Ligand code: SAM
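Single chain ahead, by itself, as C-alpha coordinates, in the form predicted on its own.
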Amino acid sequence: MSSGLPKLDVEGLESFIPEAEIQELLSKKTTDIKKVREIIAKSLDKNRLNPDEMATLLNADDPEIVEEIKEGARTLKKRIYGNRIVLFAPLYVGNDCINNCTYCGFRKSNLDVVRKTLTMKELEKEVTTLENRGHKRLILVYGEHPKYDADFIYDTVRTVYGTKSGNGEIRRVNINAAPFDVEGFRKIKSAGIGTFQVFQETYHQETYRAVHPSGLKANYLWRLFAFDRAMEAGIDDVGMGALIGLYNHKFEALSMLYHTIHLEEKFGVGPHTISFPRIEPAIGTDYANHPPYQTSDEDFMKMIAVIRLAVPYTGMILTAREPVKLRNEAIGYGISQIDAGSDIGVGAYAQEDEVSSDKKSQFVLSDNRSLDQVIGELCEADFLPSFCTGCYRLGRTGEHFMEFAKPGFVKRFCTPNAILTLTEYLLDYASPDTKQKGMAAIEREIKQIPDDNPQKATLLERLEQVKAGKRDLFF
(Lines give C-alpha, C1' and ligand atoms only; values in the text may rest on other atoms or scores of the structure.)
Protein backbone atom coordinates (compact mmCIF):
# COMPACT_ATOMS: atom_id res chain seq x y z
CA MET A 1 0.00 0.00 0.00
CA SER A 2 1.62 3.24 -1.09
CA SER A 3 -1.28 5.66 -0.75
CA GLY A 4 -4.94 5.99 0.19
CA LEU A 5 -6.97 3.40 2.04
CA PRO A 6 -6.24 -0.33 2.18
CA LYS A 7 -8.73 -2.85 0.86
CA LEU A 8 -10.62 -4.07 3.92
CA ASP A 9 -10.44 -7.79 3.21
CA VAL A 10 -12.05 -9.71 6.09
CA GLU A 11 -13.40 -12.64 4.10
CA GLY A 12 -13.29 -15.86 6.13
CA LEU A 13 -12.43 -14.13 9.40
CA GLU A 14 -14.39 -14.78 12.57
CA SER A 15 -14.05 -13.02 15.89
CA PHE A 16 -11.93 -14.81 18.49
CA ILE A 17 -13.67 -12.88 21.28
CA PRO A 18 -16.27 -15.32 22.74
CA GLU A 19 -18.78 -12.79 24.03
CA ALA A 20 -21.26 -15.28 25.52
CA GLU A 21 -18.45 -17.12 27.29
CA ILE A 22 -17.10 -13.87 28.73
CA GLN A 23 -20.53 -12.84 29.98
CA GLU A 24 -20.93 -16.26 31.60
CA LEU A 25 -17.55 -15.99 33.33
CA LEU A 26 -18.37 -12.52 34.61
CA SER A 27 -21.69 -13.66 36.04
CA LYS A 28 -19.99 -15.80 38.70
CA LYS A 29 -19.27 -13.94 41.92
CA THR A 30 -16.24 -14.89 44.00
CA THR A 31 -15.98 -15.20 47.79
CA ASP A 32 -13.43 -18.05 47.93
CA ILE A 33 -10.28 -16.36 49.23
CA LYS A 34 -8.31 -19.64 49.02
CA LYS A 35 -8.99 -19.84 45.29
CA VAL A 36 -7.98 -16.20 44.83
CA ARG A 37 -4.72 -16.82 46.68
CA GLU A 38 -3.96 -19.82 44.46
CA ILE A 39 -4.49 -17.69 41.36
CA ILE A 40 -2.28 -14.90 42.74
CA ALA A 41 0.41 -17.48 43.56
CA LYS A 42 0.29 -18.75 39.97
CA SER A 43 0.82 -15.21 38.70
CA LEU A 44 3.64 -14.53 41.15
CA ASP A 45 5.31 -17.62 39.70
CA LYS A 46 5.31 -15.55 36.48
CA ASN A 47 2.60 -17.50 34.65
CA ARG A 48 -0.08 -15.90 32.51
CA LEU A 49 -3.57 -16.49 33.85
CA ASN A 50 -6.38 -18.24 32.01
CA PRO A 51 -9.69 -16.44 31.34
CA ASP A 52 -11.56 -18.19 34.16
CA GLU A 53 -8.79 -17.22 36.60
CA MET A 54 -8.79 -13.60 35.49
CA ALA A 55 -12.59 -13.54 35.73
CA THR A 56 -12.37 -14.84 39.30
CA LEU A 57 -10.18 -11.87 40.25
CA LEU A 58 -12.37 -9.39 38.37
CA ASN A 59 -15.48 -10.72 40.11
CA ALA A 60 -14.04 -10.58 43.62
CA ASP A 61 -15.46 -7.62 45.53
CA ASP A 62 -14.81 -8.44 49.19
CA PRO A 63 -12.47 -5.66 50.48
CA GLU A 64 -10.06 -8.18 52.01
CA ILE A 65 -9.79 -10.12 48.76
CA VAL A 66 -9.40 -6.96 46.68
CA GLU A 67 -6.54 -5.80 48.91
CA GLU A 68 -4.79 -9.15 48.45
CA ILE A 69 -5.17 -8.78 44.69
CA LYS A 70 -3.60 -5.32 44.83
CA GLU A 71 -0.79 -6.53 47.07
CA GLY A 72 -0.14 -9.40 44.65
CA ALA A 73 0.09 -6.92 41.77
CA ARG A 74 2.52 -4.74 43.74
CA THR A 75 4.72 -7.74 44.51
CA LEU A 76 4.68 -8.99 40.93
CA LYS A 77 5.56 -5.60 39.52
CA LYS A 78 8.62 -5.25 41.73
CA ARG A 79 9.62 -8.86 41.04
CA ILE A 80 9.63 -8.42 37.26
CA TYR A 81 10.17 -4.70 36.65
CA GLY A 82 11.93 -3.52 39.80
CA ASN A 83 11.46 0.19 40.49
CA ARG A 84 11.75 1.17 36.84
CA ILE A 85 9.20 3.42 35.08
CA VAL A 86 9.65 4.10 31.37
CA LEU A 87 8.85 7.64 30.19
CA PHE A 88 7.65 8.83 26.79
CA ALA A 89 5.75 11.68 25.14
CA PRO A 90 2.91 11.62 22.60
CA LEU A 91 3.37 13.72 19.47
CA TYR A 92 0.22 14.27 17.41
CA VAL A 93 1.15 14.56 13.72
CA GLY A 94 -2.33 15.23 12.30
CA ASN A 95 -5.98 15.23 13.32
CA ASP A 96 -7.77 14.85 9.98
CA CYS A 97 -10.09 11.84 10.16
CA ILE A 98 -12.66 10.03 8.00
CA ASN A 99 -14.27 8.21 10.93
CA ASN A 100 -17.27 9.36 12.95
CA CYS A 101 -16.56 7.77 16.34
CA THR A 102 -19.17 9.25 18.66
CA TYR A 103 -16.75 9.62 21.60
CA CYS A 104 -13.82 11.26 19.76
CA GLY A 105 -12.98 14.92 19.29
CA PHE A 106 -11.32 14.12 15.94
CA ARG A 107 -14.45 12.61 14.37
CA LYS A 108 -15.25 13.83 10.86
CA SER A 109 -18.52 15.56 11.80
CA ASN A 110 -17.01 17.64 14.64
CA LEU A 111 -16.90 21.21 13.36
CA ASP A 112 -15.48 22.59 16.62
CA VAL A 113 -12.04 21.02 16.22
CA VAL A 114 -9.37 22.89 14.22
CA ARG A 115 -7.83 20.52 11.66
CA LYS A 116 -4.06 20.48 11.26
CA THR A 117 -1.41 18.21 9.77
CA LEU A 118 2.22 18.99 10.48
CA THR A 119 4.60 19.60 7.61
CA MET A 120 7.98 17.91 7.92
CA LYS A 121 9.52 21.23 8.96
CA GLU A 122 6.88 21.68 11.64
CA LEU A 123 7.46 18.11 12.79
CA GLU A 124 11.17 18.84 13.15
CA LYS A 125 10.37 21.84 15.37
CA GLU A 126 8.08 19.71 17.55
CA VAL A 127 10.77 17.05 17.91
CA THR A 128 13.47 19.62 18.65
CA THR A 129 11.33 21.12 21.41
CA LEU A 130 10.80 17.69 22.99
CA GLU A 131 14.48 16.79 22.69
CA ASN A 132 15.44 20.05 24.39
CA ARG A 133 13.27 18.98 27.32
CA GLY A 134 15.04 15.63 27.56
CA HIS A 135 12.71 13.19 25.81
CA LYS A 136 14.16 10.11 24.11
CA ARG A 137 11.00 8.10 23.35
CA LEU A 138 7.96 9.26 21.39
CA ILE A 139 4.68 7.84 20.20
CA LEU A 140 3.48 9.46 16.98
CA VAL A 141 -0.30 9.73 16.74
CA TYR A 142 -2.34 10.20 13.56
CA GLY A 143 -6.01 10.57 12.71
CA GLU A 144 -7.40 7.89 10.40
CA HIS A 145 -7.31 9.48 6.95
CA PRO A 146 -6.05 8.53 3.46
CA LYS A 147 -3.34 11.22 3.69
CA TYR A 148 -1.78 9.36 6.63
CA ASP A 149 -0.78 6.35 4.54
CA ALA A 150 2.21 4.07 5.03
CA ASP A 151 4.52 6.30 2.97
CA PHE A 152 3.58 9.37 5.00
CA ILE A 153 4.11 7.58 8.31
CA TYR A 154 7.44 6.24 7.05
CA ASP A 155 8.56 9.77 6.17
CA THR A 156 7.50 11.17 9.55
CA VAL A 157 9.37 8.43 11.43
CA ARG A 158 12.55 9.00 9.44
CA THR A 159 12.22 12.75 10.01
CA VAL A 160 11.95 12.21 13.77
CA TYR A 161 15.00 9.95 13.89
CA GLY A 162 16.95 12.41 11.76
CA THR A 163 16.24 15.43 13.98
CA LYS A 164 18.97 16.11 16.57
CA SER A 165 19.46 18.98 19.00
CA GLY A 166 22.64 19.14 21.08
CA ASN A 167 22.76 15.90 23.08
CA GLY A 168 19.10 15.39 22.28
CA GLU A 169 17.85 12.64 20.00
CA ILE A 170 14.82 10.38 19.74
CA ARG A 171 15.89 6.76 20.06
CA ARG A 172 12.55 5.01 19.81
CA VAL A 173 9.46 5.96 17.82
CA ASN A 174 6.23 4.09 18.50
CA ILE A 175 3.13 4.52 16.35
CA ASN A 176 -0.60 4.95 17.06
CA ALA A 177 -2.41 4.99 13.73
CA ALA A 178 -5.03 3.27 11.61
CA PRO A 179 -4.47 -0.45 11.02
CA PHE A 180 -2.88 -1.29 7.66
CA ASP A 181 -2.70 -4.25 5.33
CA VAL A 182 0.43 -6.42 5.45
CA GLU A 183 2.20 -4.40 2.77
CA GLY A 184 1.51 -1.15 4.62
CA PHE A 185 2.74 -2.54 7.93
CA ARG A 186 5.88 -3.83 6.21
CA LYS A 187 6.64 -0.35 4.84
CA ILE A 188 6.20 1.23 8.27
CA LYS A 189 8.39 -1.41 9.92
CA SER A 190 11.19 -0.55 7.51
CA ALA A 191 11.28 2.96 9.01
CA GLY A 192 12.64 1.45 12.24
CA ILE A 193 9.60 1.82 14.48
CA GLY A 194 9.25 0.31 17.93
CA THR A 195 5.70 -0.65 18.90
CA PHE A 196 2.66 -0.28 16.63
CA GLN A 197 -0.36 0.52 18.77
CA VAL A 198 -3.98 -0.11 17.72
CA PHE A 199 -6.84 0.19 20.21
CA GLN A 200 -9.90 -1.94 19.55
CA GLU A 201 -11.73 0.70 21.65
CA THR A 202 -14.44 -1.83 22.60
CA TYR A 203 -14.47 -5.57 21.99
CA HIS A 204 -18.24 -5.72 22.39
CA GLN A 205 -19.54 -5.93 18.81
CA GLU A 206 -22.96 -4.34 19.34
CA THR A 207 -21.41 -1.40 21.14
CA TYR A 208 -18.65 -1.19 18.55
CA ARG A 209 -21.19 -0.82 15.74
CA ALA A 210 -23.11 1.84 17.66
CA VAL A 211 -20.12 4.08 18.40
CA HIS A 212 -18.42 3.63 14.99
CA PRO A 213 -21.25 4.44 12.56
CA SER A 214 -19.07 5.23 9.54
CA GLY A 215 -15.54 5.40 8.20
CA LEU A 216 -12.62 2.99 8.04
CA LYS A 217 -13.03 2.18 11.71
CA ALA A 218 -16.59 0.88 11.29
CA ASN A 219 -15.19 -2.54 10.27
CA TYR A 220 -14.82 -4.49 13.54
CA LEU A 221 -12.99 -7.50 12.09
CA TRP A 222 -10.51 -5.42 10.10
CA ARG A 223 -9.45 -3.74 13.31
CA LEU A 224 -9.57 -6.91 15.42
CA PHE A 225 -7.12 -8.70 13.12
CA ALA A 226 -4.76 -5.72 12.77
CA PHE A 227 -2.03 -7.36 14.83
CA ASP A 228 -2.22 -10.56 12.79
CA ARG A 229 -1.34 -8.52 9.71
CA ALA A 230 1.32 -6.54 11.61
CA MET A 231 3.03 -9.71 12.81
CA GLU A 232 2.85 -11.22 9.34
CA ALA A 233 4.69 -8.10 8.21
CA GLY A 234 7.40 -8.64 10.83
CA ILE A 235 6.24 -6.18 13.51
CA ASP A 236 6.54 -8.28 16.66
CA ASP A 237 6.00 -5.41 19.11
CA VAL A 238 2.32 -4.47 19.19
CA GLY A 239 0.28 -2.51 21.71
CA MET A 240 -3.39 -3.27 22.32
CA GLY A 241 -5.96 -1.27 24.24
CA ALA A 242 -9.60 -0.69 25.11
CA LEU A 243 -11.26 2.66 25.78
CA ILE A 244 -12.80 2.28 29.21
CA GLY A 245 -16.29 3.74 29.42
CA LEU A 246 -17.78 2.49 26.15
CA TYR A 247 -18.82 -0.84 27.68
CA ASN A 248 -18.32 -2.85 30.88
CA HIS A 249 -14.68 -2.54 31.96
CA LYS A 250 -14.50 -6.16 33.12
CA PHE A 251 -15.63 -7.36 29.70
CA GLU A 252 -12.96 -5.23 28.01
CA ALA A 253 -10.21 -6.45 30.34
CA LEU A 254 -11.11 -10.09 29.82
CA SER A 255 -11.37 -9.55 26.05
CA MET A 256 -7.81 -8.21 25.99
CA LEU A 257 -6.71 -11.46 27.64
CA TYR A 258 -8.48 -13.45 24.90
CA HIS A 259 -6.76 -11.23 22.32
CA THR A 260 -3.43 -11.94 24.03
CA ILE A 261 -4.07 -15.68 23.94
CA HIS A 262 -4.98 -15.49 20.24
CA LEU A 263 -1.64 -13.85 19.44
CA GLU A 264 0.31 -16.27 21.64
CA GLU A 265 -1.29 -19.30 20.00
CA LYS A 266 -0.81 -18.00 16.46
CA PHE A 267 2.50 -16.14 16.67
CA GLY A 268 4.13 -17.35 19.88
CA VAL A 269 4.09 -13.94 21.58
CA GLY A 270 1.44 -11.63 22.99
CA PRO A 271 1.32 -7.82 22.98
CA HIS A 272 4.28 -5.76 24.14
CA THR A 273 1.95 -3.33 25.90
CA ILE A 274 -1.66 -3.04 27.05
CA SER A 275 -3.45 0.28 27.52
CA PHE A 276 -6.81 1.06 29.13
CA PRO A 277 -7.49 4.81 28.84
CA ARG A 278 -10.73 6.11 30.30
CA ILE A 279 -12.92 8.39 28.19
CA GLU A 280 -12.13 12.04 28.88
CA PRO A 281 -14.05 15.21 27.86
CA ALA A 282 -13.41 16.43 24.30
CA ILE A 283 -14.26 19.63 22.49
CA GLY A 284 -17.66 19.49 20.77
CA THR A 285 -18.28 15.92 21.97
CA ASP A 286 -21.19 15.43 24.34
CA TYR A 287 -20.75 11.62 24.41
CA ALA A 288 -17.31 11.99 26.00
CA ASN A 289 -18.79 14.13 28.77
CA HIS A 290 -21.30 11.39 29.68
CA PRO A 291 -19.76 7.95 28.95
CA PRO A 292 -22.39 5.20 29.36
CA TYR A 293 -20.12 2.90 31.38
CA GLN A 294 -18.19 5.38 33.50
CA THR A 295 -15.77 3.44 35.68
CA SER A 296 -15.06 4.60 39.22
CA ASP A 297 -11.50 5.17 40.41
CA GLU A 298 -11.87 2.22 42.77
CA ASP A 299 -12.97 -0.19 40.03
CA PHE A 300 -10.36 1.19 37.66
CA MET A 301 -7.51 0.62 40.10
CA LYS A 302 -8.64 -2.91 40.82
CA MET A 303 -8.82 -3.62 37.08
CA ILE A 304 -5.23 -2.41 36.68
CA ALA A 305 -4.08 -4.78 39.44
CA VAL A 306 -5.94 -7.71 37.86
CA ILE A 307 -4.48 -7.04 34.41
CA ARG A 308 -1.00 -6.94 35.94
CA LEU A 309 -1.54 -10.37 37.47
CA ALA A 310 -3.14 -11.78 34.31
CA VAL A 311 -0.25 -10.89 31.96
CA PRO A 312 2.94 -10.67 34.05
CA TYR A 313 5.34 -9.84 31.20
CA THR A 314 3.22 -7.36 29.29
CA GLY A 315 4.00 -3.66 29.68
CA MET A 316 1.14 -1.55 31.02
CA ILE A 317 0.64 2.09 30.02
CA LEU A 318 -1.24 4.76 31.96
CA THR A 319 -1.40 8.16 30.28
CA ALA A 320 -1.82 11.75 31.41
CA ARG A 321 -5.57 11.42 30.83
CA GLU A 322 -5.63 10.38 34.49
CA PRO A 323 -5.10 12.76 37.44
CA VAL A 324 -1.77 12.90 39.24
CA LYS A 325 -2.89 11.19 42.46
CA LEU A 326 -4.41 8.23 40.64
CA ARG A 327 -1.37 7.82 38.38
CA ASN A 328 0.99 7.85 41.33
CA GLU A 329 -0.99 5.10 43.06
CA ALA A 330 -1.49 3.01 39.93
CA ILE A 331 2.25 2.85 39.25
CA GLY A 332 2.53 0.63 42.30
CA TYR A 333 -0.04 -1.84 40.96
CA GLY A 334 1.83 -2.64 37.80
CA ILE A 335 2.10 0.33 35.44
CA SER A 336 5.44 0.18 33.62
CA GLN A 337 5.15 3.14 31.21
CA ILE A 338 3.77 6.67 31.58
CA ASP A 339 3.90 9.81 29.47
CA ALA A 340 5.14 13.05 30.97
CA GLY A 341 5.19 16.69 29.93
CA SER A 342 2.49 15.86 27.39
CA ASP A 343 0.48 18.15 25.13
CA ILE A 344 -1.86 16.49 22.65
CA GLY A 345 -2.70 19.46 20.46
CA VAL A 346 -1.27 19.17 16.94
CA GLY A 347 1.77 21.47 16.87
CA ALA A 348 1.38 22.32 20.56
CA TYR A 349 4.96 21.75 21.73
CA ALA A 350 6.57 24.38 19.50
CA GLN A 351 3.43 26.62 19.73
CA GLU A 352 3.91 28.27 16.35
CA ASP A 353 0.34 29.46 15.83
CA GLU A 354 -2.25 31.26 17.96
CA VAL A 355 -4.83 28.45 17.95
CA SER A 356 -5.17 27.08 21.48
CA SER A 357 -4.09 23.50 22.03
CA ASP A 358 -7.52 22.29 23.16
CA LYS A 359 -9.05 23.22 19.78
CA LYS A 360 -6.63 20.83 18.04
CA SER A 361 -6.78 18.06 20.68
CA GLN A 362 -8.58 14.73 20.75
CA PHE A 363 -9.55 15.05 24.44
CA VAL A 364 -8.55 16.83 27.65
CA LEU A 365 -5.54 15.83 29.78
CA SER A 366 -5.70 15.70 33.58
CA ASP A 367 -1.97 15.55 34.39
CA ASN A 368 -0.18 18.66 33.14
CA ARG A 369 3.11 18.27 35.00
CA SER A 370 6.38 18.91 33.16
CA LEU A 371 8.79 16.06 32.42
CA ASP A 372 11.23 17.50 34.95
CA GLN A 373 8.57 17.60 37.66
CA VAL A 374 7.45 14.02 36.98
CA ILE A 375 11.02 12.72 37.11
CA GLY A 376 11.70 14.50 40.38
CA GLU A 377 8.53 13.15 41.99
CA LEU A 378 9.19 9.60 40.77
CA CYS A 379 12.72 9.65 42.20
CA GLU A 380 11.43 11.03 45.49
CA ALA A 381 8.89 8.17 45.64
CA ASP A 382 11.66 5.54 45.22
CA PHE A 383 10.99 4.83 41.54
CA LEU A 384 13.62 4.80 38.79
CA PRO A 385 12.65 6.84 35.70
CA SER A 386 13.98 5.34 32.47
CA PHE A 387 14.41 6.37 28.83
CA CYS A 388 15.91 2.98 27.93
CA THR A 389 15.68 1.78 24.33
CA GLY A 390 18.35 -0.92 24.51
CA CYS A 391 16.13 -3.98 24.03
CA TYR A 392 14.52 -2.57 20.90
CA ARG A 393 17.82 -1.56 19.32
CA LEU A 394 19.51 -4.88 20.09
CA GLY A 395 16.61 -6.95 18.75
CA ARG A 396 15.29 -8.01 22.15
CA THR A 397 11.68 -7.73 20.98
CA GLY A 398 8.76 -10.11 20.50
CA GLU A 399 9.79 -13.70 21.19
CA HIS A 400 13.38 -12.62 21.79
CA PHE A 401 12.24 -10.26 24.57
CA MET A 402 10.44 -13.16 26.24
CA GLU A 403 13.61 -15.24 26.10
CA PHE A 404 15.25 -12.63 28.31
CA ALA A 405 12.21 -11.62 30.35
CA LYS A 406 10.95 -15.00 31.52
CA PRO A 407 14.16 -16.13 33.27
CA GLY A 408 14.16 -12.78 35.07
CA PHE A 409 16.84 -11.08 33.01
CA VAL A 410 14.81 -7.88 32.52
CA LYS A 411 16.34 -6.35 35.65
CA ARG A 412 19.79 -7.39 34.45
CA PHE A 413 19.46 -5.16 31.40
CA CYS A 414 16.72 -2.67 32.24
CA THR A 415 17.87 -1.38 35.62
CA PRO A 416 21.43 -0.55 34.45
CA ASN A 417 20.06 1.02 31.26
CA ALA A 418 17.56 3.04 33.30
CA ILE A 419 20.40 4.33 35.49
CA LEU A 420 22.46 5.35 32.46
CA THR A 421 19.60 7.13 30.67
CA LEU A 422 18.45 8.89 33.84
CA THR A 423 22.01 10.10 34.41
CA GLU A 424 22.02 11.55 30.89
CA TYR A 425 18.80 13.43 31.63
CA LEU A 426 20.03 14.76 34.96
CA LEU A 427 23.28 16.06 33.47
CA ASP A 428 21.76 17.56 30.31
CA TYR A 429 18.28 18.82 31.20
CA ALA A 430 17.28 18.56 34.87
CA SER A 431 16.56 21.44 37.21
CA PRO A 432 18.88 21.59 40.26
CA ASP A 433 16.16 20.15 42.52
CA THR A 434 15.39 17.23 40.20
CA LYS A 435 19.08 16.58 39.63
CA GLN A 436 19.59 16.22 43.39
CA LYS A 437 16.64 13.84 43.73
CA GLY A 438 17.71 11.86 40.69
CA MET A 439 21.30 11.38 41.80
CA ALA A 440 20.04 10.14 45.16
CA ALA A 441 17.77 7.64 43.36
CA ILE A 442 20.67 6.40 41.23
CA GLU A 443 22.86 5.96 44.30
CA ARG A 444 20.05 4.02 45.98
CA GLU A 445 19.64 1.71 42.98
CA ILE A 446 23.38 1.06 42.66
CA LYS A 447 23.58 0.05 46.32
CA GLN A 448 20.93 -2.60 45.65
CA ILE A 449 23.09 -4.27 42.99
CA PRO A 450 25.23 -6.98 44.68
CA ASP A 451 28.98 -6.30 44.61
CA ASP A 452 29.60 -9.76 43.14
CA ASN A 453 27.41 -8.95 40.15
CA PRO A 454 29.89 -8.69 37.24
CA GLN A 455 27.74 -6.02 35.61
CA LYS A 456 28.13 -3.63 38.52
CA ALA A 457 31.74 -2.74 37.70
CA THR A 458 30.85 -2.21 34.03
CA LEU A 459 27.89 -0.04 35.00
CA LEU A 460 30.05 2.14 37.28
CA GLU A 461 32.63 2.47 34.50
CA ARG A 462 29.96 3.53 31.99
CA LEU A 463 28.49 6.00 34.46
CA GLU A 464 31.85 7.73 34.61
CA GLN A 465 31.91 7.82 30.81
CA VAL A 466 28.48 9.47 30.77
CA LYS A 467 29.64 12.04 33.30
CA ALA A 468 32.64 12.70 31.04
CA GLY A 469 30.33 13.47 28.12
CA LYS A 470 29.67 10.14 26.37
CA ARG A 471 26.05 9.39 25.50
CA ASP A 472 23.91 6.45 24.48
CA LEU A 473 25.71 3.70 26.37
CA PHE A 474 23.56 0.67 27.12
CA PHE A 475 23.61 -3.01 27.99
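Numbers follow the displayed sequence, beginning with 1. On a predicted model such as this, the values are computed, not experimentally measured, just so you know.
Not pictured, yet referred to below: the form predicted in complex with ligand SAM.
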Quiz prompt | Partner-contacting position among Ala305, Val141, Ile80, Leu224 - heavy atom within 4.5 Å of ligand SAM in the predicted bound form | solution = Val141
Self-check item: One residue of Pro292, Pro213, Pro277, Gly332 in contact with ligand SAM, assessed in the predicted bound form (non-hydrogen atom, 4.5 angstroms)
Solution: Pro277
Quiz item: Is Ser342 one of the residues lying within 4.5 Å of ligand SAM in the predicted bound form, judged by heavy atom distances?
Solution: no
Practice problem: Using the partner position in the predicted bound form, report whether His272 sits within 4.5 Å of ligand SAM, counting heavy atoms only. | Solution: no
Quiz prompt | Contact flag, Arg229 vs ligand SAM in the predicted bound form, heavy atom cut 4.5 Å | solution = no
Practice problem: Please run the contact check for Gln337 against ligand SAM in the predicted bound form: heavy atoms, 4.5 angstroms, yes or no? | Solution: no
Quiz item: Any idea which of 129-137, 101-109, 153-161, 257-265 reaches within 4.5 Å of ligand SAM in the predicted bound form, heavy atoms considered?
Solution: 101-109
Quiz item: When you measure heavy atoms, are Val36, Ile65 and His249 every one within 4.5 angstroms of ligand SAM in the predicted bound form?
Solution: no
Quiz prompt | Within 186-225, the residues that have a heavy atom no more than 4.5 Å from ligand SAM in the predicted bound form | solution = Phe199, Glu201, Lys217, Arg223
